[in-house]
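The data below hold one chain only, encoded as structure tokens and taken in the form predicted on its own.
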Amino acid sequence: MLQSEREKMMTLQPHQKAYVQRACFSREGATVYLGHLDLMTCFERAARRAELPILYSQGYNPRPMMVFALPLGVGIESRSDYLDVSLEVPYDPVLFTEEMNRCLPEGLQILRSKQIPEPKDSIMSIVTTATYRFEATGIREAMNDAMKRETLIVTKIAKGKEKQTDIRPLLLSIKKDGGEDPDAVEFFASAGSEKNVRPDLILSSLSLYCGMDKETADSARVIRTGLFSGKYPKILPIDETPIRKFEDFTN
């Protein structure tokens, strides 16, 4: 057997049965300035301090098996985000929530959790839509203007290169039940691995095309209020989404 084949065989491990907790969490206060890797570290350390039976990945660098639905950008608050935590044994969701919250820093809180069958689809792959709330002087009028436009061309930097992109097709609708506060607006936008629009690009378009002061747009409060699966407008919150079981595809 070749050395490369031996190394490959060493990394091939039998599948580990996972008991998954699908947790909904919020983020506010100082924790909004954590980058995604630091946010992951917070949850990993909380799980270890709570002495939960976390399942670890196999191979040369084992990691706690935690998957976030959609990474949060720095400075963005959240009211309803999700992560899947894989455990070695079944676990009571209420107890899981209490023990994690006891060890999480102030500003991070698990709101609820439920044990789900081991999913065939990664939680990251099912996200299609997000709701955001922007708060800034005059932002509702600017957002209404943006929704009336056919295009919103902004500059996006990817892999160190500038790229012109039209984000208007990714803005889906303004929430009808979001109130009439002229300095706040809540809306649906495309999100996930296939189509995704960053809040900073939306705010940039409001200052470029919709008459909003750039400094006001740049300092707007951004809150992600929900994540959904399905094809808009027929969408469901992530923790209400039907689950394709892993075992159904292996038996």
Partner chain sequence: MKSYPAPLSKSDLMSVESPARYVGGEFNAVIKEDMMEELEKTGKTSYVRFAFCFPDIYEIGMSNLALQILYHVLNESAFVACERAFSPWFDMDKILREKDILLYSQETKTPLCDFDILGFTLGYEMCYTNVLQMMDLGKIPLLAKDRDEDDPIICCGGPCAYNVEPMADFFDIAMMGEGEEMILELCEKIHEYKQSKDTDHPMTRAELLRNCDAIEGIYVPSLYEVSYHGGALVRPVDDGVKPVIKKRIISDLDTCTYPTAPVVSNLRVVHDRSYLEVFRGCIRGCRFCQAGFIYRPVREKSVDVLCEQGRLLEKNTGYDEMGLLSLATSDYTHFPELAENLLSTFEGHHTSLSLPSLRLDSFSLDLMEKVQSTRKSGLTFAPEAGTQRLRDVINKNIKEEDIFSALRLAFMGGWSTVKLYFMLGLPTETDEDVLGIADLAKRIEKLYYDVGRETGRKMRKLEITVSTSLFIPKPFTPFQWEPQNTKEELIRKQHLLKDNMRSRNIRYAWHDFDSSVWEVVLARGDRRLGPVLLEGYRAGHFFDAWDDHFHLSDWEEILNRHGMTIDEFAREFSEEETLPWDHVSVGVSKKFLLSERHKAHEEKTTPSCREHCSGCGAASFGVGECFAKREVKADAAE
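Positions refer to the first chain, counted from 1. Here the structure is a predicted model, which is why all the values come from computation and not from measurement.
Just so it is clear, the following notes concern the form predicted in complex with its partner chain, a form of the same protein that is not shown.
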Exercise for the section: Select from the listed residues 106, 150, 162, 177 the one whose heavy atoms reach within 4.5 Å of its partner chain in the predicted bound form. Expected result: 106
Practice task
Just give me the single entry in 95, 74, 111, 124 that has a non-hydrogen atom within 4.5 angstroms of its partner chain in the predicted bound form.
Solution key: 74
Practice task
Considering only heavy atoms, tell me if residue 193 and its partner chain come within 4.5 Å of each other in the predicted bound form.
Solution key: no
Exercise for the section: State yes or no: in the predicted bound form, is some non-hydrogen atom of residue 183 no more than 4.5 angstroms from a non-hydrogen atom of its partner chain? Expected result: no
Handout entry: residue 31, heavy atom within 4.5 angstroms of its partner chain in the predicted bound form
Key = yes
Problem - Touches its partner chain in the predicted bound form: residue 218 (any heavy atom, 4.5 Å) - result: yes
Handout entry: All of 51, 63 and 222 with a heavy atom within 4.5 Å of its partner chain in the predicted bound form
Key = yes
Exercise for the section: Enumerate the residues of 32 to 49 that have a non-hydrogen atom within 4.5 Å of its partner chain in the predicted bound form, in sequence order, or give none. Expected result: 33, 34, 37, 38, 41, 42, 45, 48, 49
